[in-house]
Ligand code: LLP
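Okay, here we've got a single chain as structure tokens, the form predicted alone, with questions on binding and movement later.
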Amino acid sequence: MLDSNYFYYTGATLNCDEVRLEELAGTFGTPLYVTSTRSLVDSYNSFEHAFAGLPHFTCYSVKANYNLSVIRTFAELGCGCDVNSGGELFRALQGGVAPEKIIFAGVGKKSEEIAYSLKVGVLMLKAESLSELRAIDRIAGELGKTASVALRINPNVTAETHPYITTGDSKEKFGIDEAELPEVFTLLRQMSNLRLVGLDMHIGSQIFDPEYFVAATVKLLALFNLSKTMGFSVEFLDIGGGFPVTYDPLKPATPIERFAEKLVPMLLPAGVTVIFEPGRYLVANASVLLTRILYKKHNHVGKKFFVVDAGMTELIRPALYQSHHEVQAVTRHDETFVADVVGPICESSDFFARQREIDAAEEGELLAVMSCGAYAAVMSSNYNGRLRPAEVMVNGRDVKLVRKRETLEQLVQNELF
């Protein structure tokens, strides 16, 4: 059970901050994403406190949760943003983030996205190939601008995490191989419209062991020293994100302080600003997905199911990554039984939990799928003609609708006969 200061039981009823979740479901319907503003603020402050001894700049990784109100919450705290597309850049700007606090990442930026970022004046573009560097140089020249770029380096460090969220291995598509950097530095001198301002890495997500960060940082610092010998004045070292959160109480996340203890002494002597890109760390446990039990069923071998009104269209992580999410009854029951919690989608992979001990709730009651702040709403879809859910944010007793539920008309509004 993932009770916290933000989602907790009062008696038999699950609350978000000071609001009962059943009240929110009654007002806004289900499925429904519910986010605690206090959780967002406290997660950001804990991260900043851990790395307070290091000159740094935190850029929230927008891909984790790009709701405008989430972005604005972090912007008001002084946080920047890491974006991966023109759409995420637009969202960050709409959320109140200054362009000079935005870094543009992504292995496949289109020409129009590069031009857009240069026109608005982002802090830097992170290049992941020689071809991309040439494209940025060309587009910057056409616009009469000098592009500030960082090189995303693939340090060839394979962290122990799910293979789909490993990004620092030479087998993956991300980054420039560390062995190519001397050649890249030489070519950069020939590109008159580029200015190298940073070196960047990102080794994956849900990295529980700080030693993987240490190994990758050793390589990043070696390349930083090489850049200095070749005459470049790098201003930023970007460590990326990937700091872990707890999804399963039996597998608690390593405290962020453990990472700071290792990384601060390594990075401080470099004398530059360090950029961090936490995404999941800031938002994962700030939200739940509320869903209503449509049917209870069992088969001839005694297997039990809760069929609920949310599915893989609202949270694809269990199907895509085999991820664990706690499932809690919004109203506690004294009895439990073992069941699968499954959705209405026409796929066998449409489940939230298999053979899980669940409160013996009844049809019509509510379940809360926990830890749905990251890679839930942003990865939602209209598969099976589903309407994307509403999203609300709670701050103490204050409740705000921050995204309306989609309508049937919106499903077809862009289609033409």
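For every residue, the number given is its place in the sequence shown, counted from 1. Computed from a predicted model, the values in this text were never measured in an experiment.
What comes next is about the form predicted in complex with the ligand, which is not displayed.
- The three residues His56, Arg195 and Val234 each lack any heavy atom within 4.5 Å of the ligand in the predicted complex.
- Exactly one of the stretches 277-285, 108-116, 248-256, 221-229 approaches the ligand in the predicted complex with heavy atoms within 4.5 Å, and it is 277-285.
- In the predicted complex, the ligand sits beyond 4.5 Å of every heavy atom of Phe185.
- Taking the partner from the other structure, the ligand in the predicted complex has a heavy atom within 4.5 Å of a heavy atom of Gln206.
- Contact check for Tyr66: every heavy atom lies farther than 4.5 Å from the ligand in the predicted complex.
- Put simply, Pro155 is far from the ligand in the predicted complex: not one heavy atom of it is within 4.5 Å.
- Comment: the ligand is not present in this chain, but in the predicted complex one of Gly80, Gly311, Gly241, Gly175 has a heavy atom within 4.5 Å of it, namely Gly241.
- Comment: the ligand is not present in this chain, but in the predicted complex one of Ala353, Ile358, Met379, Ala390 has a heavy atom within 4.5 Å of it, namely Met379.
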